[in-house]
Every structure is written in structure tokens, then in C-alpha cells.
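In C-alpha cells, the next block holds one chain alone, the form predicted on its own.
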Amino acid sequence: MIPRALRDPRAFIGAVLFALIALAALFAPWIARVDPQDQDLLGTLLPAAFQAGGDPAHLLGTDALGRDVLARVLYGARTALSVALIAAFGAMVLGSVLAYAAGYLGGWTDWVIGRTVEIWMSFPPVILALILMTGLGTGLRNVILAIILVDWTRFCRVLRAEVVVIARRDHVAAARLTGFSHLQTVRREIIPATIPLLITLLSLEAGIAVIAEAILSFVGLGVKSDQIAWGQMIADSRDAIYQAPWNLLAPTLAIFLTVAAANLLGDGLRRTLDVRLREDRA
């Protein structure tokens, strides 16, 4: 399924770009070769190495505390990808379980879950995340938990509509007539049919999680001070944007590329894995 999906140019470009970002984060110690927390107060706000006055030891220059910008961007990728993958997967699990229950069982179960989703989505996502972080406190785990609690509704709303359609098909009714329990019917007949949609939603949610983490870190409610995050770097570099523009441009570009990779991958997977879209193109 996946190799065929990657034949789509968008999915292939997104997958390659996402893989490169993941490799850069994984091999950050070998690429940067400096500790991202090391300070050099005699070498603050150095320009990039390819600019006048730049130091070859600091390819993208240094920040206001003399810390290497490239190293911080690479280590910040670890934070961003950790949040993107874990939070997206957690939101998918919570949202899909409720979606399967609502779409398959229907009745009062569908009504209760549907009203819960509507109430939860009535709050602006960013504001809700900020409220949750205020109560939970800073830290990577709390950021992931906050994003899961905010974004599970994306999966539940979209997937529930798909489950309702699939649950009415003949093969599902045939499974029930042959003696399958509700759990067996969902596991064998409904879940496999929704896997393409789940993969697409998961990749798109990864990009949303990166942006959410950056926003929380930007306002000081994200990771702790001893951890590195792109939003935190952007917040710290605002006062020196003219003296050292790469302090702001580097993490901003990193966020853009990561989100673009997730969106390209998600859109490409949707085009290749969605049976209805393939039939329309045919």
C-alpha cells in the first residue's frame, strides 16, 4: 500500500523531506558537533559563516548568548518531531476509538459523542491548548498531552462520518449475519477500510502538532527552559532580528519545511489511498 502511495509526486516529496528532517534530528550531534547549550559571551550574535564577519565554526551564526544556531535548530527538530509523532498518534487513537463507537453503534452513543465533539470544538484550539498548559504546567509530556486533548476531535469528526458509510455496506451486514460480534465486525470489516483515511489524517495532524508546539513554546508555555524548541528560538531572537536575522529565519524555515512535508505527504496519501478519488480520476 505505502510503496504505491509514494508514487504520487506530492507524497514522495513529502516523505523524502520528512525523512531528511528526521535524519538531521537523529544525527544532530554529528552534524553540529557542538553542544546547543554551550554559551560564548564573547561571540554573541555572530552572522552566518557565509556572511561578512562570520565564523566557519558557526555555520548559521550564534544567538544573544553565543549559542550555535545550527545546533539549536537541529536539536529543536528532535522536540518538534517527538511532539508531532507522539501527539498525532495519541490524538488518532483517542479520536478513532470514539469515532468507531459513534459511527458503528449509532443511537445514544453517537449522540453523546457527537455533542461532546461539538462542545469541545466550540473552543478555539490555540486558546484551549493555552488553558490546558496553564493548568498542566510546562514540559514536553504536558505539551503532547495538551495537543492530544485538543486535536482528538479532528479524527473523531472525520472518521465517524466514514464509519457510518462503511457500517451500512453489505459486507458488514453479512459479517453480522455470520455470527461476528460487534468487536469482531469493527476489527475485521470496518477498521481495514478506514486505514487509508487514518494514515492521511495522521500525517496532516503531525504538521498541526508542530505548529501547536511552536506556538506554545513561543509564549513560554511549551517545553522547559533546558529543552530546545523552535518556537522558543523565535521568541528569543525577536530583539536581534536586524543584527542576526538567521536566529529568526532558521527556526522559521525549519517549521515551514516540516509542516510542508507533512501536508504534502498527507495530501499525496489521500490522493492515492482514497478509493473514491482514484475512481474519479479514472
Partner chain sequence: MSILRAENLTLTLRTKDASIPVLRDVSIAVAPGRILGLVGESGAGKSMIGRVLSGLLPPNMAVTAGSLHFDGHDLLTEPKRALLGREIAFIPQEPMTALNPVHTIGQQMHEHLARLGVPAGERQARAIAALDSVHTSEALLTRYPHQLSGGQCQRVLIAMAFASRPKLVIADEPTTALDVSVQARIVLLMRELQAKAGTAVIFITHDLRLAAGVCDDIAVLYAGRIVEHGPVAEVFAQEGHPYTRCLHLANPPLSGPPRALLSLPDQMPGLRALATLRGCAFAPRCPVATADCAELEPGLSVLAGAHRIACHHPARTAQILPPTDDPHPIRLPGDAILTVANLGKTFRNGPFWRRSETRAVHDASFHIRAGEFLAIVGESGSGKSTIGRLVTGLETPSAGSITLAGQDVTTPSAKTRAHRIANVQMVFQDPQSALNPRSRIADIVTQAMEAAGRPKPERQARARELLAEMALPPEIATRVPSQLSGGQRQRVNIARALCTVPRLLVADEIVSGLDVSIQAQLLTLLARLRHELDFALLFITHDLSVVRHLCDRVLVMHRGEIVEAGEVQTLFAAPRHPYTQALLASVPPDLPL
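All values reported here derive from a predicted model rather than from experimental measurement. Positions refer to the first chain, counted from 1.
Another form exists, predicted in complex with the partner chain; not displayed. Remarks below refer to it.
The listed set 193, 81, 199, 140 contains one residue whose heavy atoms approach the partner chain in the predicted bound form to within 4.5 Å, identified as 193. Between the options 93, 112, 85, 174, the residue in contact with the partner chain in the predicted bound form by a heavy atom within 4.5 angstroms is 174.
Segments offered: 71-79, 141-149, 183-191, 93-101. Contacting the partner chain in the predicted bound form at heavy atom distances within 4.5 Å is 183-191.
In the predicted bound form, the partner chain sits within 4.5 Å of a heavy atom of residue 179.
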